[in-house]
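Presented as structure tokens, the chain that follows is alone, the form predicted on its own.
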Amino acid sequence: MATLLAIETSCDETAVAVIRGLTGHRAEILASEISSQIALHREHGGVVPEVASRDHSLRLDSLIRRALDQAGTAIGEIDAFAATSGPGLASSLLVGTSAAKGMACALDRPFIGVNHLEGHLLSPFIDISEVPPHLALIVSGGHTLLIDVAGAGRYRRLGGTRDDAAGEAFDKVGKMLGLPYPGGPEIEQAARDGDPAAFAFPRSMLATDHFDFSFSGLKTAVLYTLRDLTGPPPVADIAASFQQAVIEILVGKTLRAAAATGHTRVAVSGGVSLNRPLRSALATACSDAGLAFTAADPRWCTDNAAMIGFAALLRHHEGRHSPLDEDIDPNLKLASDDGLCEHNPSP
């Protein structure tokens, strides 16, 4: 039974978790601490890398101490240290990996570099004893991916975004509508009072024979709609119509990918998966198609260290660790199209 300390600093959340492995692949989250930077970046309308990395440096030490206190664990009792090594902002990734490597080196413990996207992909199964074969939809601020999952560490990329990720589109459309950053929760809130059929926004690439996404055309359609209005914009109707278009694209592509791969389970993760209408639409579509549906617990949807710790724990159980001289990779991929995991540290 191993206990790991994990750090997540890929973008604008500073997070630390202490996780203990139980029998099988089950895990117990002993502590999960997150410091959000939303207030820092809101005035800029988006994440400023220099501000993000500085805040990580200021907050990480106290978060580590709080997580250890919450877990009732001394640092000397930690069996391995993990951190997100990519993808993400280079200056932010360096803060977390440097801290984890330093503690691993000082205590002569293993270090495990974790792919941020693998953390998201595995997050729906933190409380489950295994990672079953499934079709995974990762939908976040920076990524929209469909992954064919044969099991932990065995992934095949089916499709991804060719331009804006879904979360990025939410943020940009939110800014067009004069809503605060981040735009996703604000658009969901505004859409509750709107008509999703008020505007016929495009469903880009929905009928194509591939599984890639494109949201730039949808974002541009919103821009042109706002430009052509003669009066005050009907924010609720535009938000509802935009959100409905995104949902139909995500659900349609996901169900087609599940059918193409023969999977009987669909899982969704990432910050955008917190969107309640999206969760409901996916759950209904999967039920109608006779598919099992698993969504990440809301606690593990936005960036957090518990998901990084869980991914690291699975590697640690197999004796797969990372060398201390392993570098970060801001553009790290999760999987190729040949079924290989592209971030697979050697034993």
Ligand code: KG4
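The shown structure was predicted, so the numbers you read here are calculated from the model rather than taken from an experiment. Note that residue numbering follows the sequence shown and begins at 1.
Here the subject shifts to the form predicted in complex with the named molecule, a form of this protein not shown in this document.
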| Should residue 30 be classed as touching the named molecule in the model of the complex when contacts are defined as heavy atoms within 4.5 Å? | no
| query | Does the named molecule come within 4.5 Å of any heavy atom of residue 322 in the model of the complex? | reply | no
| field | Distance check, residue 116 to the named molecule in the model of the complex, heavy atom within 4.5 Å | value | yes
| Should residue 185 be classed as touching the named molecule in the model of the complex when contacts are defined as heavy atoms within 4.5 Å? | yes
| request: Select, from the options 193 to 201, 150 to 158, 177 to 185, 94 to 102, the stretch whose residues sit within 4.5 angstroms of the named molecule in the model of the complex by heavy atom distance. | output: 177 to 185
| remark: Exactly one of 301, 295, 291, 47 comes within 4.5 Å of the named molecule in the model of the complex through a heavy atom, and that residue is 301
| Along 135 to 149, which positions have a non-hydrogen atom within 4.5 Å of the named molecule in the model of the complex? | 140, 141, 142
